Structure formats: C-alpha cells, structure tokens
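Only one chain is included here, represented as structure tokens and corresponding to the form predicted on its own.
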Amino acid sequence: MKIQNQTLVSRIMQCMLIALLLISFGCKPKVKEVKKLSDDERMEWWLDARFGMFIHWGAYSVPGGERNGKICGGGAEWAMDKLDYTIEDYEKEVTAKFNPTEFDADSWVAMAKDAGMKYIVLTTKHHDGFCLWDSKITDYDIMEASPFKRDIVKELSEACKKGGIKFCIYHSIVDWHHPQAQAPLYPNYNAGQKDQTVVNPEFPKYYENYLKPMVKELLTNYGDIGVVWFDGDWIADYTTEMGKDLYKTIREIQPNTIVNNRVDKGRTGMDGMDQDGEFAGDFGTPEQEIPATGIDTDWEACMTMNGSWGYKPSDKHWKSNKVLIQHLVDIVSKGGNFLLNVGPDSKGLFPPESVERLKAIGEWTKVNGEAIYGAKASPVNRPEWGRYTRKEGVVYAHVFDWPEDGQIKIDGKLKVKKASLLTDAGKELEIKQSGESSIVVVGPKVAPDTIATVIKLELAQ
C-alpha cells in the first residue's frame, strides 16, 4: 500500500511539472480577440433592430410609487425623492424588502423576443443608487442590501445571449445614496436638476472612485454590452470633460459598444437632441415624444406604456395597442428606433397590462416585421392615411386610416411596378394611375389590419 501511494504521488508531481512546462512555453488558453469595427459597422445591428425593450426595475418597485397613502407624482422610480424617504428609511423600508422571487430572466427575454424586440436595456443602477449586480465597489447592491442575493445583471445578460437578444445597460450618473454624489440630500435629493448652483465639491471623487469603476465593472464582467445608456447628466457637478472621459473609457474596454448622448452634457433638454458642437455619444434620446419630422442623426425615442417608468399600479393611463404599434411605425418612418418601457413589480413579474400589449405588438410585428427591421426613413412626404418606410428597391405603405373605397393614393414620386399585402401572403393588388402626381393602389373595401395594414410597393429600377 505504501509503494502504491508513493507511485501515485510521483505521477501527480509529474503531471504538475508537465502543466508548468506547458504554461512556461506559452501554451495558455487563447483570449478572444475583438475586431474593432468602424462607426458604421458598429451602429449597423442597432439601426437594423429598430425596436427594443427598456426595463426600469429596482428596489423602488417595492413601494410602487405610494407611501403612507401618498402617491408619487410622476414616475414611481423617483419614490425616494418624491415620497420623502431618508436614506436610512429607504434602506429599511425599500431595499431590505426587495426580494423578487418570481424573477425569471428567460421569461423576460422570451416576452421581448415574442414582441418583436431585438435588444433589452436594463437599469443596472437608477438614481436611488441601488445596484442590481454583485458589485465589488459597494455593498449597496442586490447581494448585500437585499434578501434576494442573486446577480440580476448576470442572469439577464446570460438569458439574452441564449435567446439571441442584445443585452444593454442603463446607468445613472446621479446617485442619491452616495454622500459625494449630490447635495443637498434629504428631503430634496434632486435639487441639482432645477438649480445649477446646487453642487457637491466631492463629486469629482465620486466620479473617479465610484461611477467610472462601476461602469468598468459592468463592461468587464458581463460579456458584450450592446448599448450603454446613461441618464442624470443634468446636474451641474457632472462636466463635459467627465462625459468625454467616460465615453473614451467605455470604448477602450468594449470598442464596439454604442453609447447614448447623455454620457456628455450636450443635449438641449428632455427632447434629447444635441446642441451644436462636438459632444460624445452615438445617438440622440428624445423622451416621451416623437420628433415631428425626424432628426438628421441617429436617434431613439424612449417611451412608457403608461405614465411611469417604474412599477406604479395606481397609474391606469395605459396607451392602447393601436397607439403603441403606430408609434413604432411613425418612429421608423422618420429614421429612429423605438425603446418601449416595462416596469416589473417587486416580485419580478411584468404587469398584466404590459404583457397584453407586448403580445399584441408581437402579433403585428410577426406579420409586418419586414417593413420595420432594417427599414429606413420615408423617401417622400408623410401621406394623410399613414406612414412610409423603405428598403433598397422597396417602399412600405403603412395605412392607419383605410379608405372606404379601398383605394390608397400613393405619392407619384414612387415608381411602383408591383403592390402586395403583407397581411395576405403577398396578395398582389391592382395599380392605377391617378393624374400626373400620384397613383392608386386598389385594396379590399375592409382594412385587413385595423391598426396598420402594410402594402409592399416594389419600385421600378
């Protein structure tokens, strides 16, 4: 037995020696090399996607916008500020009770995918400062400050990869929990938004030692990040120099990621568009609105389904399926992307009203996605009956208001050789000349789709 043991030990030592020799001679695991794309190549997937899901979720889903009978004005994600929580009260009453035992990342991804969405943007940290990942920079995170103790960012990033959805992150520059981030704190955490004289001289330390390291942590530990979506750039403490430095840092870690314009101080206001000048960021971010004629740059309109980003059961002002689908078409017809928000509850479930709307949008995109994904802005003026989108050699007529006679007047600048319905397996429609400036496509008397019927117009070369 002793001889056998000696032989075993000898073999183990030989194996260890061989392993060390292999390492010393450069036989190391290969590290995946990332090809740095051009700006056009980097933006390509995002411009093709056209439709994404915003998820505003965090500990603020616990109160749901209500405290002691008082309902939060505006979005429920602002509960800490609007409902007069001290930091200590918020930790005790909100984050310590955040235990979303029904959270299922695969289910979330499936709902986004079934709705026709191509990417998900998750709030990793909102203004309240609570982090949804296992951070080594702070204890104010899902692992230490809540009973849940599961890395939400990790689970959702992995589910997105498995489901073929681009995983993207939202991160707030503002932090109401961190003493160096903003002043004053309680009872008015967000004084700096309205009054640019409200500053915290310690903010540069917060930026260097907390905000930037957190962003690095997210970009290093959770695989490829499609978009980094910032918010909170409005405070005076945050400077354009910080914004440009943060953008540069992100691109050094993940050269091919896309960053919104709120990384810098260049936007004109809530319309999300940039001022004249050189500002960091890859796309504009109009919020809760659609620019009347589009914008001469890449842009994405973010919107809620009701009036709140975060979970707020008292808010019953839900947009209809018709409004949301026509918003999607309108945005794409102007060259933009649509980022539609869902605010899950404190258990980790999507509100039933959101699920219903996602299902309806998915049924429409399943039939008509050809006219959305990879489509560009209309080549002609907006028609009275709806919108146009286009691809190479094709224009799609999205008819919102179907005429009683079924005859849709098409802009004469479009040299149409063939017209067909997407809703009826490509059924070809009659084309008639109507004067010198337009043609008419003859469809059925009753609209095939009461929300938006799409007619595919193939153009003469």
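In this text, all values refer to a predicted model and were calculated from it rather than measured experimentally. Residues carry their position along the shown sequence, with the first being 1.
Keep in mind that the form predicted in complex with a small molecule is missing from the display, and what follows is about it.
message: Looking at R262, K312, R357, R387 here, can you tell me which has any non-hydrogen atom within 4.5 angstroms of the small molecule in the predicted bound form?
response: Comparing distances to the small molecule in the predicted bound form, the residue within 4.5 Å is R262.
query: Given that the small molecule is left out here, which of V121, C131, C302, I225 has a heavy atom within 4.5 Å of it in the predicted bound form?
result: Looking at the other structure, the residue within range turns out to be C302.
- request: Please name which of the stretches 73-81, 313-321, 141-149, 369-377 has residues with heavy atoms lying within 4.5 Å of the small molecule in the predicted bound form.
  value: So the stretch in question is 73-81.
- prompt: Does the 4.5 Å heavy atom contact test between F54 and the small molecule in the predicted bound form come out positive?
  reply: Residue-level check for F54: yes, a contact with the small molecule.
task: Answer with yes or no whether A110 is in contact with the small molecule in the predicted bound form, where contact means some heavy atom within 4.5 Å.
output: No, A110 is distant from the partner.
query: Going by a heavy atom distance of 4.5 Å, is D231 a contact of the small molecule in the predicted bound form?
result: D231 belongs to the contact set for the small molecule.
- prompt: Is E155 one of the residues lying within 4.5 Å of the small molecule in the predicted bound form, judged by heavy atom distances?
  reply: It does not: once the small molecule is placed as it appears in the predicted bound form, E155 has no heavy atom within 4.5 Å of it.
- request: Answer with closer or farther for the CA-CA spacing of A191 and G58 in the predicted bound form compared to the shown form; it moves by 3 Å or more.
  value: Compared with the form shown here, the C-alpha atoms of A191 and G58 sit closer together in the predicted bound form, by 3 Å or more.
field: Direction of C-alpha distance change in the predicted bound form, Q193 to M273 (at least 3 Å)
entry: Farther is correct, given that in the predicted bound form the C-alpha spacing of M273 to Q193 is increased by at least 3 Å.
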